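First, one chain by itself: the form predicted on its own, in structure tokens.
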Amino acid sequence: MGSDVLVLAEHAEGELAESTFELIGKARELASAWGGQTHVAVLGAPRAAGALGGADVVHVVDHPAVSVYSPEAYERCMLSVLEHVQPKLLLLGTTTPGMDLGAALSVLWDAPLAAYAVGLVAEGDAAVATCQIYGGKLMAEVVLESERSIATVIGGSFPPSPGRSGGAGSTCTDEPPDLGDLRTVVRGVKVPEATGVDITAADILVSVGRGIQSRDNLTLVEELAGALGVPLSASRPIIDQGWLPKAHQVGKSGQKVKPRAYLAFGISGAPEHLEGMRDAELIVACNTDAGAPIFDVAHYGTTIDLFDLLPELSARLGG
């Protein structure tokens, strides 16, 4: 039985995702418990290998077909690395590539998959994954006792700092498998138009949800954000309506934020939204529904109608 743990490094234009370091740190913990090593696979971004000091071995697979994410090409390359390394556990992010590859490699590599994991611990020779089900409403403990297993991990579940250094740091170049007969080819990548707003860098965020009721009412939260001199963010319903650009979205399908203060108005607190903001240092929520899930994570909350509260707050701040 193998004892190593393999991580897939995710990147965009050669820049590594923060989730990669979160996974490497956890991989080191698990591999140490099993007496193994931490391996990281980097596809299509050889220059990124130098930033992976937390790995014992970095496997670089370079080919034009994997310079950007392509499911079919990535599947073949990852299966080749898996057959080379023969790890006990493969860790992937709960991202578009991770969800694609987790399911596909579970079949191709013949390994059980624990999806939406938020916790992983070693218990003897097994890994025990704590996984979200029903959108995070329930947690399930999954014991991975197989000789080889896969887990897709939700971003932010583990700290990134342990994954940045401490490994042996050797790099090897793995020959790519045959990619000459791919049935799908990525012709280009369309990047959303920049808005000049980076909600992930803000110390304070004013955030709004469907409780604002209409696009015209957004001026109320915009005035408060302006008075505070901070960006305006939103839950998914606001983005889906087209009332704010995608760059303003907080949540599982948007941005993960960790501001010093997160002020939520008219946000019910769906699990997908909480995943993106629950690590804020201070959460203040306003919702007329006293049973709204947002109050489960809020440090302070009120059921005052936001249409009464927002103008008063803006006036106090001189907005």
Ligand SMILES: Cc1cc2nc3c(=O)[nH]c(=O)nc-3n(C[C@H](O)[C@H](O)[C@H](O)COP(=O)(O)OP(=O)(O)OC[C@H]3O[C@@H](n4cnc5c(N)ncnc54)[C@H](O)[C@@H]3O)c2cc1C
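Throughout, we count residues from 1 along the sequence that is shown. Think of the rigid core as the biggest set of C-alphas that the two forms share within 1.5 Å after superposition. What you are looking at is a predicted structure, and each value in this text was computed from that prediction instead of being measured.
The next section is about a form of this same protein that is not shown, the form predicted in complex with the ligand.
Q: Does Val118 make contact with the ligand in the model of the complex, using a 4.5 Å heavy atom cut-off?
A: Val118 lies outside the contact set for the ligand.
Q: Might Gln249 be said to contact the ligand in the model of the complex, defining contact as any heavy atom within 4.5 Å?
A: Yes - in the model of the complex, heavy atoms of Gln249 and the ligand come within 4.5 Å of each other.
Q: Do Gln37 and the ligand come within 4.5 Å of each other in the model of the complex, heavy atoms counted?
A: Gln37 lies outside the contact set for the ligand.
Q: Indicate whether Gly54 is a 4.5 Å heavy atom neighbour of the ligand in the model of the complex.
A: Flag for Gly54 set to no.
Q: Find the only residue in Glu272, Asp62, Asp279, Glu29 having a heavy atom within 4.5 Å of the ligand in the model of the complex.
A: Only one listed residue qualifies here, and that residue is Glu272.
Q: Since the partner isn't included here, can you check whether the ligand sits close to all of Gly156, Thr200 and Pro231 in the model of the complex (heavy atom within 4.5 Å for each)?
A: Contact check failed for every one of Gly156, Thr200 and Pro231.
Q: Among 205-213, 120-128, 172-180, 67-75, which stretch sits within 4.5 Å of the ligand in the model of the complex, heavy atoms only?
A: Every other range fails; the passing one is 205-213.
Q: If we check the ligand in the model of the complex, which of the residues in 221-258 reach within 4.5 angstroms of it by a non-hydrogen atom?
A: Counting only heavy atoms within 4.5 Å of the ligand in the model of the complex, the contacting residues of 221-258 are Ser235, Arg236, Pro237, Gln249, Val250, Gly251, Lys252, Ser253, Gly254.
Q: Is Pro237 one of the residues whose C-alpha moves 2 Å or more between this form and the one not shown after the core fit?
A: The answer is yes, as the C-alpha of Pro237 shifts between this form and the one not shown by 2 Å or more after core alignment.
Q: Align on the rigid core first; then say whether the Cα of Ala17 has moved by at least 2 Å between this form and the one not shown.
A: Shift of 2 Å or more: no.
Q: At a 2 Å cut-off on C-alpha positions, does Asn217 qualify as shifted between this form and the one not shown after fitting the rigid core?
A: It does shift by 2 Å or more.
Q: Taking the shown form as the reference, report whether the CA atoms of Val257 and Pro159 lie closer or farther apart in the model of the complex; the distance changes by 3 angstroms or more.
A: It is farther: in the model of the complex, the C-alpha atoms of Val257 and Pro159 lie at least 3 Å more apart than they do here.
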